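First, one chain by itself: the form predicted on its own, in structure tokens.
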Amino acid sequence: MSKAIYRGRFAPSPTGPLHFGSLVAALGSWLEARTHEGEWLLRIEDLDRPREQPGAVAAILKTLEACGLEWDGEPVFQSRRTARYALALKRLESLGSVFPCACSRREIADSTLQAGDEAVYPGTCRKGMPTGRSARSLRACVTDSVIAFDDRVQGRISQSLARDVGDFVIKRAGGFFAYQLAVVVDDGEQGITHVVRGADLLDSTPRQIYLQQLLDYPAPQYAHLPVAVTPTGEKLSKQTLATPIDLERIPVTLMSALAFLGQQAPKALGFATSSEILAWARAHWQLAKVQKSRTGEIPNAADFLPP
């Protein structure tokens, strides 16, 4: 009997260079794939063209290569797959699971209570748009059922889409396909079996599972790693001008990222090369050691400098 193939992926957005937080996600997903003798694919999520930074794709590839995080096959660009997303949208429309919506973000925020960081859509246009209004977006109709899954880091997660999210956008104003639809189509068509990513995407996973069910895609296994935050609790992101990975300090950064993920490498590795650090990490990686938390403070890089 042939062994089932593990297929993971890393999917950065080219809105800027990789920072420590994005490296943590890349390293964790790479180690999970490699320790399972699986494939690790690279997908560039470049659907949000107005936010794309010139040169970001080349910078991301260069950083991954400098860190020794090699990927399998050619990178996939979402901007070249819009025909596939359009077909998936037609399928959802044929199921009666999509409706046009005229509401702006401000109108939604003004007419509903907040659930976490997002405004729950109140269903304004579900039975038809107000007279004289035109569609700004397309939304997926949700049901009253609860979506639940077992995250390999965060444990049991359940969410009522109707109560906690509401009907969500799958095609945005301006004709751009939304992340929630694109990621489901990509994971399904690429045969992704395991998704290892940051916990900032944990709350969107039930939406993706819901679309997987509608489109008859199998659900991958999920593992959501803690998101790196500053001592003041601010998430590292390109929008907050997080410091790009310093290519001159890759070994120290890898050691710091491993510590963030609960993998305590021996101090002697402070003298090692990047390839030696990754070799140790592959031999000792245990997902079970990753902290069961949505956030984690960045370790002090000085702790990993050779004396």
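Just count from 1 along the sequence shown to find any residue number. Owing to the predicted nature of the structure, the values given are computational and were not obtained by experimental measurement.
From this point on, the text means the form predicted together with a small molecule, which you will not see here.
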Fill in: Proximity to the small molecule in the model of the complex (heavy atom, within 4.5 Å), stretch among 90-98, 179-187, 212-220, 146-154
179-187
Worksheet, complete the sentence: Assert contact residue (the small molecule, in the model of the complex, non-hydrogen atom within 4.5 Å, options 12, 17, 296, 21) equals 12
Discussion item. Considering non-hydrogen atoms and a 4.5 Å limit, which listed residue (141, 102, 86, 201) is close to the small molecule in the model of the complex?
Written reply: 201
Discussion item. Residue-level question: is residue 171 within 4.5 Å of the small molecule in the model of the complex, judged on heavy atoms?
Written reply: no
Practice prompt. Answer with yes or no whether residue 207 is in contact with the small molecule in the model of the complex, where contact means some heavy atom within 4.5 Å.
Written response: no
Fill in: residue 45 within 4.5 Å of the small molecule in the model of the complex, heavy atoms
yes
